[in-house]
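Presented below, as structure tokens, is a lone chain in the form predicted on its own.
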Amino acid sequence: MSNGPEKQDWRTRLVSWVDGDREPKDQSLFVMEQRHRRRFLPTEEEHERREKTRLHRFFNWYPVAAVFIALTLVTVLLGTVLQMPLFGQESNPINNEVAEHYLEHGEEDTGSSNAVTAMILSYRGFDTLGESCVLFLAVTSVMMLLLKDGEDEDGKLARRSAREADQEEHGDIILKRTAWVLTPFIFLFAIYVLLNGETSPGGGFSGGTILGAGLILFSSAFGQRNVRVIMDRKTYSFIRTFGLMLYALLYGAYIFFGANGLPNYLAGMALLIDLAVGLVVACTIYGFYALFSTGEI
């Protein structure tokens, strides 16, 4: 029973604390007086001086950190190069049956006699689909940023009409005459590259780039108003969305059925995939030009 007085003393102190009696700071259960006093906010001059001091310290160490990171990357790259096998050895990873299979059975597996097209659209077609999605999302993000305007639509239309009228009136006559001759041939060559990607160098990325360049030339020479006659913003959005969805649908069927297991009437699916990729690439190139030059499509 030696703990009796201690328990009684503890209970007594607890009751006293609840009743509001103050105890010494070293024996109280909750000591509010020991909290640090709140510091006042610094003035603008003091805040600016502190920020300058922090930036000065940061930039003093920045060159050292940059040199350290650069040396680390150089060391890693040099170590990787030294670990690579020598060129021409039979045991190199490149000299295996995978590359031989691509070259010898590419046309049988994919229906494309061009090894590059077979690789891009078939063997690594899922990666190409990801690249098309990146292009689609890039243009969408730029449109969301540049087309977000709080002005009323009437004011935007008036400014756009005035700008386009000035461009058509003061356009370069040499550029117009040159574009009038070259634009049809550029479009024709783009279609040729798109349609012959299975049998010759070309395909969706090359043909889409040429097609987008033709649209840029035509818009620069004759104004965006003439381009809008055949492709306004709604048509533009529909074409690029349709191209991406068509590619996803076709490649999904391509994977599901298997390239060499497709029916005869679907054997030319790589051609349709090329066209879908070409639409996405062409819309991406022209969309960036239109958005960054005039702010809208």
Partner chain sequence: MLETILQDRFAVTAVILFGIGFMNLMLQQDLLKKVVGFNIMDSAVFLLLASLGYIEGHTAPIVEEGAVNASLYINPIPSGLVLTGIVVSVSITAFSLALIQRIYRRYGTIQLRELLEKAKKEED
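Basically, rigid core = biggest C-alpha set you can superpose within 1.5 Å across the two forms. Positions refer to the first chain, counted from 1. Everything numeric in this text was worked out from a predicted model, so none of it was measured.
One more form of this protein, predicted together with the partner chain, exists but is not displayed; see below.
> Give me the residue from A138, L182, L188, L175 that has a heavy atom within 4.5 Å of the partner chain in the predicted complex.
Looking at the other structure, the residue within range turns out to be A138.
> Using a 4.5 angstroms cut-off on non-hydrogen atoms, would R49 count as touching the partner chain in the predicted complex?
No - in the predicted complex, heavy atoms of R49 and the partner chain never come within 4.5 Å of each other.
> Are any of the heavy atoms in L272 no more than 4.5 Å from a heavy atom of the partner chain in the predicted complex?
L272: no, not in contact with the partner chain in the predicted complex.
> Is there a non-hydrogen atom of L195 within 4.5 angstroms of a non-hydrogen atom of the partner chain in the predicted complex?
No, L195 stays farther than 4.5 Å from the partner chain in the predicted complex.
> N226 versus the partner chain, in the predicted complex: is there a non-hydrogen atom within 4.5 Å?
Contact with the partner chain, no.
> Though the partner is not shown here, which residues of 57 to 72 have a heavy atom within 4.5 Å of the partner chain in the predicted complex?
Contacts from 57 to 72: F59, Y62, P63, A66, V67, I69, A70.
> If you line up the core, does Y62 shift 2 angstroms or more at its C-alpha between the shown form and the other one?
Yes, the C-alpha moves 2 Å or more.
> How about P85 - superposed on the rigid core, does its CA move between the shown form and the other one by 2 Å or more?
Yes, because once the rigid core is superposed, the C-alpha of P85 moves 2 Å or more between the shown form and the other one.
> Taking the rigid core as the superposition reference, indicate whether the CA of T241 shifts 2 angstroms or more between the shown form and the other one.
For T241, whose C-alpha is compared between the shown form and the other one after core superposition, the shift is less than 2 Å.
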